[in-house]
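Read the single chain below, which is given as structure tokens and is the form predicted alone.
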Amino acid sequence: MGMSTSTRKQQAREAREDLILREAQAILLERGYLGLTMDRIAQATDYSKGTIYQHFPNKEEVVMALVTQTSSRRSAMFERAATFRGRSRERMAAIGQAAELFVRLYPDHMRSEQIVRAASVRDKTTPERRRVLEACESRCMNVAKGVVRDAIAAGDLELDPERVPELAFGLWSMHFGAFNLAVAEWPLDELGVDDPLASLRVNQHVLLDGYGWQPLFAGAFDWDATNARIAHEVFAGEWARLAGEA
């Protein structure tokens, strides 16, 4: 049975939008936010500017669409990490590996995310697009909070359930700050930080050790074996992709 006209039109629209976003991302990387214009997007895609406006009302909406597109991939990676077969703290380590893999695979996302968080940009985007981004962030936070609650239920962590959001936020803010510094091309080596992502992994474990979340990183548990198993069982495709891009 043939494809309906409405389905073909929808697929054509999605294909146009994908091309617009790909070309916009390339312009953003080459020229920065100020150099991204609807005229340049139209020229790069060979579409009229009117066609571009049918998809996006302004360039701010284009950047927000780029951010929400990759944010949904991060949410899916977090949810996959939480299914890792291991103790609760191992599952949290899997989420940490997901976050690190995401920033390695999509380093430009952090720069775009910084742009859309500015009020002058965010206020020019549609509420619908902002809600999509907020939903992606909520998915990530809910995954982390779910693992913390599982740790409490399993006896791996003694924590007042009212403090679950506090712990999840602590991890989120730690990662957000480290990732933004890592992609900002700051001379971190001059501060004695040669590998910011490796430092982040250690600091995450120090924080969770401070909460007494078992098994402790400072104990006899084989965390190298856990990290290798996470990489093999959950993120083999992502690590292979990174190896291929190296």
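The structure displayed is predicted, hence computed values, not measured ones. Note that residue numbering begins at 1 and tracks the sequence as displayed.
Absent from the display: the form predicted together with a further copy of the same chain. The rest refers to it.
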| said: Counting heavy atoms only and using a 4.5 Å cut-off, do Glu137, Lys145 and Gly192 all touch a further copy of the same chain in the predicted complex? | reply: yes
| request: Determine which one of 169-177, 74-82, 92-100, 150-158 lies within 4.5 Å of a further copy of the same chain in the predicted complex, judging by heavy atom distances; exactly one does. | output: 169-177
| said: If the cut-off is 4.5 angstroms on heavy atoms, which of these, Asn203, Gln54, Gln43, Asn58, is the one near a further copy of the same chain in the predicted complex? | reply: Asn203
| query | Would Pro215 sit within 4.5 Å of a further copy of the same chain in the predicted complex, counting heavy atoms only? | reply | no
| task | With heavy atoms only and a cut-off of 4.5 Å, decide whether Thr37 touches a further copy of the same chain in the predicted complex. | result | no
| said: Can you tell me whether Gly86 touches a further copy of the same chain? I mean in the predicted complex, with a 4.5 angstroms heavy atom cut-off. | reply: no
| in the predicted complex, Gly50 touching a further copy of the same chain (heavy atom, 4.5 Å) | no
| Any residue of 122-152 that, in the predicted complex, places a heavy atom within 4.5 Å of a further copy of the same chain | Arg122, Lys124, Arg131, Leu133, Glu134, Glu137, Ser138, Met141, Lys145
